[in-house]
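Okay, so here's just one chain, in structure tokens, the form predicted on its own.
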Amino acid sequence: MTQKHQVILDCDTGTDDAVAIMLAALHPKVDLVGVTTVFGNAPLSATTINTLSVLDLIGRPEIPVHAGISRPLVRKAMPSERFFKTDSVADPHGTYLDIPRTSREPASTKAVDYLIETYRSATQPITLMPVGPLTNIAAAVALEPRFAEWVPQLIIMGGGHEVPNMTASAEFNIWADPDAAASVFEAGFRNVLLVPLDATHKALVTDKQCAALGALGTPAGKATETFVTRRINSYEAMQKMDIPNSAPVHDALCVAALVEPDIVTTKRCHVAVETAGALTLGRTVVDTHQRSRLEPNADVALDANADRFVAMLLEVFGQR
């Protein structure tokens, strides 16, 4: 029997994080060891409740959830205030997900300690998959200099080479805490896969595919239809996609790429994060042509196979 991929997800659970959690928790080739939460799509209290609620929904409450950091590592606040709303078009994530809300508490409120101790004592490889702001990961690096050495694989959802979404230069996860992101890319993690918007916008999920997911009749299938439909409505209102009535499900593509690495097409590049420029704050500078002469520090996904991604969602979420 093939050994499962052990994974810890670090997330700021909104709609796409929720799909990623369900895919990791239900995929037969993945062992979701734990989940850590961070501020981002919503305040930390809400991202933690959302995470617990998703695990409850799919019958996986035994997976531990550890709440993490509630604000950027260095800055007093995010670069610009983000207001969390419940209107699904004004805010594609909302503060809370449209599923029954848990009454459970997280296993701890010390996510960074959990990460450090888990990797310190790990006897098998555990992929670390941050799909929100990189604050928890940067804090672990700062507190334990060996942390980057202990992590065998880091899969990051964030950034954009040609495709931003928060400003003309930056993607939200990196923009939310650019200092943390910069320190992570400088930390010396030996095996980094960056899945930016360039790839996730090539793996769009359409409204018809949403309906097919909902028709599976499983909790995960029906929830994914709800979440992705919400995303489609938002993108239709604010940012047209190349395919009408479709939306990216950014974070879930990271899980898919772990299980099937060639579901994304990558290029080895040096990645740095802009932490100072007024117009470029939070930009991931992906050196696709090696103009900096700096050693590449990440495999960067620049394309993705949408058909295989959706097929995986249908297969995994159809299981009963």
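Nothing here was measured: the structure is a model prediction, and the numbers come from that model. Don't overthink the numbering: it's just position in the shown sequence, from 1.
As for the form predicted in complex with ligand BDR, it is not shown, yet the points below apply to it.
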Does every residue of His66, Tyr114 and Ile137 put a non-hydrogen atom within 4.5 angstroms of ligand BDR in the predicted complex?
no
So in the predicted complex, does any heavy atom of Asn165 sit within 4.5 Å of ligand BDR?
yes
Given that ligand BDR is not shown alongside this chain, does Asn41 nevertheless sit within 4.5 Å of it in the predicted complex, heavy atom to heavy atom?
yes
Using heavy atoms and a 4.5 Å limit, would one call Phe172 a contact residue for ligand BDR in the predicted complex?
yes
Using 4.5 Å between non-hydrogen atoms, is Met157 touching ligand BDR in the predicted complex?
yes
When ligand BDR is placed as it is in the predicted complex, which of 248-256, 272-280, 26-34, 290-298 ends up with heavy atoms within 4.5 Å of it?
248-256
Ligand BDR isn't shown here, but in the predicted complex which of Ala199, Ala180, Val131, Val205 has a heavy atom within 4.5 Å of it?
Val131
Select from 14-52 the residues with a non-hydrogen atom within 4.5 Å of ligand BDR in the predicted complex and write them out in sequence order.
Asp16, Asp17, Asn41
